[in-house]
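Have a look below at one chain only, the form predicted on its own, in structure tokens format.
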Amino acid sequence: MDPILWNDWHVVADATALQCDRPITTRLLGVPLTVSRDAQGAVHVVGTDGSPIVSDVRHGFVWACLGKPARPILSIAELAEPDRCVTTAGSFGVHVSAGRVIENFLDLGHLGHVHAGYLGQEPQTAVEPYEVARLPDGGVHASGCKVFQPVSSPTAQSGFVVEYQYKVERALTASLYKSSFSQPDRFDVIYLFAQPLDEEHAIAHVLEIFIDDGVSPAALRAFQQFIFLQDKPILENQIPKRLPIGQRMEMPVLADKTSVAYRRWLAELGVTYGTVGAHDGGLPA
């Protein structure tokens, strides 16, 4: 097992949906787990033999680490801002690797086609040049991404050119910063935590941190679930199910700059779980 994944924190359940009389059975990196809440409200994660798994509750989710945590759970600065509407927005099972889920989230090119009429529209589907760089502590940062969106969020009353920024701070965690309709100089924030059930199945857990302009958590959840259900069949039709990160595995285009950087970074981290072609040494420079 890849140490970078084994010793990292992963979301394994939506804590807001966990009831004391209804344990959740799930898997993490192929390991069966049971997540439960006792009568006092405490959350427990155990293996098949009942042994406790290192766990915590943060950002509305239950987190678990199968090994020894190499670093804390990711902190999110925007959660400290008082004018935010914060909600978990769904946990979606999908028949592809967790890396494929993250890569789809980073894909600017599909917005005008898969989400036409909402996050993009024809003929305005061209992806303008944007910048991709490394974060100071590792990871990927894409900035200067701009796309016209007819309905960018549940509160958008007209279309406008939305600025995007992407961050990939952990191997299976990505965030999207997009211009808020009500305050275009600030960003709404969406986090995607991809739980690797096994090498070809994952659960996408979504956290939304929006400017509170009167939008309800229910409206945010409904919009995100609508968008992800458009993504799901596209994701599940990808072949191979695992993320190609070796040389010559797939031919990227200009719109895939973030994906290329993400794959290259995974190869450098030594991630092989849920990937294809990692032994090739990663994508060429």
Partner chain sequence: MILYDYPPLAECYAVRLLAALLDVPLEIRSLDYYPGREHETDEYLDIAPLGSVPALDTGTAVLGDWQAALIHLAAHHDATGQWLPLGDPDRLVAIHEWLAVARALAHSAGVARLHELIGQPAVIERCRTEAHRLLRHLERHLWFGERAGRRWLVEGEQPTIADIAVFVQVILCEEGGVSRLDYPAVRRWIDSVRGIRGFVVTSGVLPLDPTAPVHTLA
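Source: prediction; values computed, not measured. Numbering follows the first chain given and starts at 1.
We do not show the form predicted in complex with the partner chain, though everything after this point is about it.
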{"query": "Listed residue that, although the partner chain is not shown, lies within 4.5 Å of it in the predicted bound form (heavy atoms), from 168, 145, 89, 190", "finding": "89"}
{"query": "Residue among 241, 58, 37, 221 with a heavy atom within 4.5 Å of the partner chain in the predicted bound form", "finding": "221"}
{"query": "In the predicted bound form, segment of 47-55, 222-230, 28-36, 66-74 with a heavy atom within 4.5 Å of the partner chain", "finding": "222-230"}
{"query": "is_contact(residue 214, the partner chain) in the predicted bound form, heavy atom dist at most 4.5 Å", "finding": "no"}
{"query": "Touches the partner chain in the predicted bound form: residue 93 (any heavy atom, 4.5 Å)", "finding": "yes"}
{"query": "Contact flag, residue 84 vs the partner chain in the predicted bound form, heavy atom cut 4.5 Å", "finding": "no"}
{"query": "Proximity of residue 201 to the partner chain in the predicted bound form, heavy atoms at 4.5 Å", "finding": "yes"}
{"query": "Non-hydrogen atom within 4.5 Å of the partner chain in the predicted bound form for each of 19, 22 and 236", "finding": "yes"}
